[in-house]
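We begin with a single chain expressed as structure tokens, specifically the form predicted on its own.
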């Protein structure tokens, strides 16, 4: 750990340290990050927000409630070329990234989702493509002091505050951001950018703002007895209703921060002399997803696909990864054109 001599007092910067980032210095801070890293953060897109590579620090918007797609798209890309091939048998491997990147302004629910992806892609059979991106990525997270209309992360203890999984953690205190250091990499950023250390009393102010945020949630998903509830209601009448309303378009899974399924396809160029093999996000909600050789489809019926999504998120994930597969970001509710709401499904099952 280094001594923060520039601060005028003898406190060491390290994991657990606090610093302050004045809001009028935010763009300077991002600019300094861009000198060292590729920075991906929330930017405005029309009336909504997306994660995008930052070209100008003033693009960054930390006042967002949610983004259309989660930041997982930076680590597990919607389309990724694995290699290119030619008629003569030549193979060209896709060039791997070699510059470190920062995911900036990531909300707690999305940080939790990344930790789930880390388990899915980094445990028994590590995925080299995901891990190559992940190992080059730092996370500067942002606690939520605003709550979206479809957010229910507080029910799952995945927000609005974050306890781990970050290199730096920001909390909006009004005129400045409280910066909490979570790793050696985060320590280095605080040192190099010269942020002023903050007194511990700032944590009291932080908790007040987070308590205020917790009071704003309008949705909830009660997890007590959830496993038993799902196991006992596999044939609940609500599934028949969902068959008629769900379009099985896959939007709910495309925006989900924890969905990790993909397909691998070969794309042949028009010349028929070359092509590329790429992987693409896939969805268990699509009819073709469960189709196997000779055309058999073991989830041809729509209700089987709907149940698979709900049961995988709320029942099957936990034995496999030690956590539920839903982080309460609410994107699936926002993206559904038929307004299907996972929290309402559970409320109906409970008879509330």
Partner chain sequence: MLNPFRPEPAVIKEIKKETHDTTTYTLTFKDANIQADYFFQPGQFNMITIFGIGEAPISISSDPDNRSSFQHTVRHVGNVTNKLATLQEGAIVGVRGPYGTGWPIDLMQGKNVLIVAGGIGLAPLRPVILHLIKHRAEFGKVEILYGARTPNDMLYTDQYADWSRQDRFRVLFTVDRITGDRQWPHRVGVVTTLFQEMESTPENTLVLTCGPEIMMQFVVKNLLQRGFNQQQIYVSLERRMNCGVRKCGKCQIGPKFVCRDGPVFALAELAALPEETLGGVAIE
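Heads up, when I say rigid core I mean the largest set of C-alphas that superpose within 1.5 Å between the two forms. Since the structure is predicted, the reported quantities are computational estimates derived from the model, not experimental observations. Positions refer to the first chain, counted from 1.
One more form of this protein exists, namely the form predicted together with its partner chain; it is left out here, but the text below deals with it.
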Any chance residue 157 has a heavy atom within 4.5 Å of its partner chain in the model of the complex? no
Hey, in the model of the complex, does residue 77 get a heavy atom within 4.5 angstroms of its partner chain? no
Do residue 212 and its partner chain come within 4.5 Å of each other in the model of the complex, heavy atoms counted? no
Can you check whether residue 316 is within 4.5 Å of its partner chain in the model of the complex, heavy atom basis? yes
With the partner absent here, would 48, 217 and 252 each sit within 4.5 Å of its partner chain in the model of the complex, counting heavy atoms only? no
Note: exactly one of 128, 225, 237, 174 sits with a heavy atom within 4.5 Å of its partner chain in the model of the complex, namely 128
Sort through 184, 95, 88, 164 and report the residue having a heavy atom within 4.5 Å of its partner chain in the model of the complex. 88
Tell me, please, which stretch of 165-173, 103-111, 198-206, 254-262 lies within 4.5 angstroms of its partner chain in the model of the complex when heavy atoms are compared? 254-262
Suppose contact means any heavy atom within 4.5 Å; which members of 306-324 contact its partner chain in the model of the complex? 307, 308, 312, 316, 319, 320, 321
Answer yes if the Cα of residue 268 shifts by 2 angstroms or more between the shown form and the other one on a rigid-core superposition, and no otherwise. yes
